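Next up: a single chain in structure tokens, the form predicted on its own.
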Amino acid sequence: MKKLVFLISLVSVVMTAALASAAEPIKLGYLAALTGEYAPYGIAEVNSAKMFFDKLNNAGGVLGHPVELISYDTKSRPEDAVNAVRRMIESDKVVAVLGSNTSSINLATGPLVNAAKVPQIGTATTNPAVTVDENGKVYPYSFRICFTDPYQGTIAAEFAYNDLGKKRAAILWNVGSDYAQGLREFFIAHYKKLGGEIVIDEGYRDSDVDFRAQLALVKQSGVDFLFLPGLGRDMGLIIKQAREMGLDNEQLKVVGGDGYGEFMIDIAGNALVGTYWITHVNYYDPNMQPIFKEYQEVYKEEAKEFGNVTLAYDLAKWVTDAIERAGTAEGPAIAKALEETKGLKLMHFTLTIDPTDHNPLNKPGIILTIGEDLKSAFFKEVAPK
């Protein structure tokens, strides 16, 4: 009898331990700007990832565990991002870091995640140096779900030169931004290769809000095309001030990169009409609508930063898939599964990763334009050559 009681107690202890173990969450970090001028991007991403994982947890989680999403505010500053990632790894014990959406942040945190063997996956970190070193060798724990600056720089150059017929260009760019510098360089290289001329190439700094001096040079030059490799606020203010100076849509066509955000409409209003933007997501694809409908139902507001909402949602799905294929929530195994991803059907494209640089293969670019109703509209899709 004592032996039976002992066995029952032992079984009870084992079952209790097993249940407790099964209930332990898999911790994932999310790195995003949640305050400041770039907060609209970051809040949309964290909301979207949380929406995905809440639904996943209600369905049983992954590998029998719920997912706990731990987010930190980068305040758009690399030093804050480094501190946040260090805390995620050392205190929170996350097994992967999702985000951020800016290259400068992931360039700063890259050495930390690679040393700790914790994979980090950027949403819109387009600078090539995020995932490879100066010799082209891949960082084993750095990934991205977006295309890169050489690709979108090529799209912008070909669109300006071939589609718009613009042979002389002006560029205004943030000299303190790794993203802006990289995209600018790749645009210039391909634009010149096509036969285009860079007439005005003017920089500005993060704190600048008045761009009239640079725009006066653009106006005096007679250039009728402006490329903006920037992020939200800056580009909204530049376009607004350009239109106020008499450079209307006919006198100055504007093309920008994936730094476009819907919140720019609040800054520039009608000045944005007729501008073009390169992005990762076609908002008007019928396959995309379930995400935006779900977002509105959960958060009672429109998914305005639709690109960030989609990238974060698909990133959450990709990481979940990698953990399932790895069969364990350990950094090295997750990184290996991320690198081996092939033919994963996401909401906005089918993902296969190039193991040599951790970039998505054959990811199309989307060109949007802003209509009279101040809504972005699909203009064309550009498939990789």
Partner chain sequence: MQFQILIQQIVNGLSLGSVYALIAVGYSLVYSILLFSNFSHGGFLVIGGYICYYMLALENTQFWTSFINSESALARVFAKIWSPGLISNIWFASAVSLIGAGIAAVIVEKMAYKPIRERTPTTLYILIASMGMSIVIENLFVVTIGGRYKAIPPVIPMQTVELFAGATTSAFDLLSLATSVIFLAALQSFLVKTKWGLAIRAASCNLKVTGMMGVNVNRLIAIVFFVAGMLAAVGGIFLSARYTLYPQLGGNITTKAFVAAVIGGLGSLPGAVAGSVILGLAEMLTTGFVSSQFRDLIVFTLLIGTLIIRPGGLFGKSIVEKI
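Only a predicted model underlies this, so the values are computations on that prediction, with no experimental measurement involved. Numbering follows the first chain given and starts at 1.
The same protein has a further form, the form predicted together with the partner chain, not shown here; the description that follows concerns it.
Of the candidate stretches 306 to 314, 91 to 99, 198 to 206, 132 to 140, only 198 to 206 has residues whose heavy atoms lie within 4.5 Å of the partner chain in the model of the complex. Taking a 4.5 Å heavy atom cutoff to the partner chain in the model of the complex, the contact residue among 296, 162, 220, 287 is 220. Exactly one listed residue, out of 237, 112, 188, 291, brings a non-hydrogen atom to within 4.5 Å of the partner chain in the model of the complex: 237. With respect to the partner chain in the model of the complex, the three residues 36, 216 and 246 uniformly fall within 4.5 angstroms at the level of their nearest heavy atom. Proximity of residue 266 to the partner chain in the model of the complex: non-hydrogen atoms within 4.5 Å are present. A residue is said to contact a partner when one of its heavy atoms sits within 4.5 Å of a partner heavy atom; residue 173 meets this definition for the partner chain in the model of the complex. Interface membership of residue 83, defined by any non-hydrogen atom within 4.5 Å of the partner chain in the model of the complex, is ruled out.
At a distance threshold of 4.5 angstroms between non-hydrogen atoms, residue 233 is in contact with the partner chain in the model of the complex.
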